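The form predicted alone is given below as one chain in structure tokens.
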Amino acid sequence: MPVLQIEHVKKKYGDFTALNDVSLTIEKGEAVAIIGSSGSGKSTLLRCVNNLEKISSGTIKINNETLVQTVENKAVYPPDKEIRRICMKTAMVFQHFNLFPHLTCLENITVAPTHILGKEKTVAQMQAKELLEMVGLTHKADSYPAQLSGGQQQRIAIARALAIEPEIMLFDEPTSALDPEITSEVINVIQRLAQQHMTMLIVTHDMRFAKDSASRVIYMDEGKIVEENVPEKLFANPESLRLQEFLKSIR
């Protein structure tokens, strides 16, 4: 079964439609990048998958478990406890890191496995050290977020997300808050995850990153998926006029 199924999702804020009949399926091991201008609905879609936003109608399934479905034209969610359980299959990496400032890097990574997953502290710490090694920050285990660069904080945020062993990783503009010279630190980690066939949904404004890292790229505009394809075809030969104009505007 697909890891993520989104069917006919709509999201409205009053009279404004942020997502308009969005359908998307992501298979295990895919790295899917979502591109588009500001306000196109990219981040809203990501937040609906992680239940940070409630949809107005449609269906979202994670690992074939229903997070929300429409009954009599109304989005119906299960009880909160069930929502939390289903959403534990996702992990989100935010634009501005969102690390706990009062905890060390090691503690940031172990807090969810110990308090939410119920892992023994020693097991969680051992796994956290493996994740620190994976993101190249073993030497920062006892440092606090304020002592790190932006790129280092984002790599710790990725390690923290991986610590709950999610089925799908959600990245919301993971490099947009970083200086250009340290963006590559984060991109390298995400590309390594792609090579390991980690299932990922990545909202990004970085076209080179999308082209080099994604197995599929989706272009959104005005709350709709306008076009999707493998990166080589989407960037070299865009079919829709809106995507052609978007790519021209950022070159």
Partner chain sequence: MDITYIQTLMPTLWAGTLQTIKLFVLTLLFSLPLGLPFAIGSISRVWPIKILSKTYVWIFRGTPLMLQLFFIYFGLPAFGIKLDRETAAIVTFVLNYAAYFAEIYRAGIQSIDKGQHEAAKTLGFTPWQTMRIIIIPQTIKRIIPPISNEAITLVKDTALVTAIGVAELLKAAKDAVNRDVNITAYFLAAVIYLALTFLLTMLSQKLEQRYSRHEKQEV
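The structure displayed is predicted, hence computed values, not measured ones. Positions refer to the first chain, counted from 1.
Form predicted in complex with its partner chain: not shown, discussed below.
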Q) Taking its partner chain in the predicted bound form as the reference, which of 177, 164, 126, 76 has a non-hydrogen atom within 4.5 Å? A) 164
(Q) I need the one stretch from 67-75, 177-185, 128-136, 98-106 whose residues put non-hydrogen atoms within 4.5 angstroms of its partner chain in the predicted bound form. (A) 98-106
Q: Kindly confirm or deny that 52, 88 and 92 each have some heavy atom within 4.5 angstroms of its partner chain in the predicted bound form.
A: yes
Q.
With the partner left out here, check for me: in the predicted bound form, does some heavy atom of residue 47 sit within 4.5 Å of its partner chain?
A. yes
Q) Can any non-hydrogen atom of residue 141 be found within 4.5 angstroms of its partner chain in the predicted bound form? A) no
Q. So, in the predicted bound form, is residue 112 in contact with its partner chain at a 4.5 angstroms heavy atom limit?
A. yes
Q: Within 4.5 Å of its partner chain in the predicted bound form, which residues of 116-137 have a heavy atom? Give them in sequence order, or say none.
A: 116
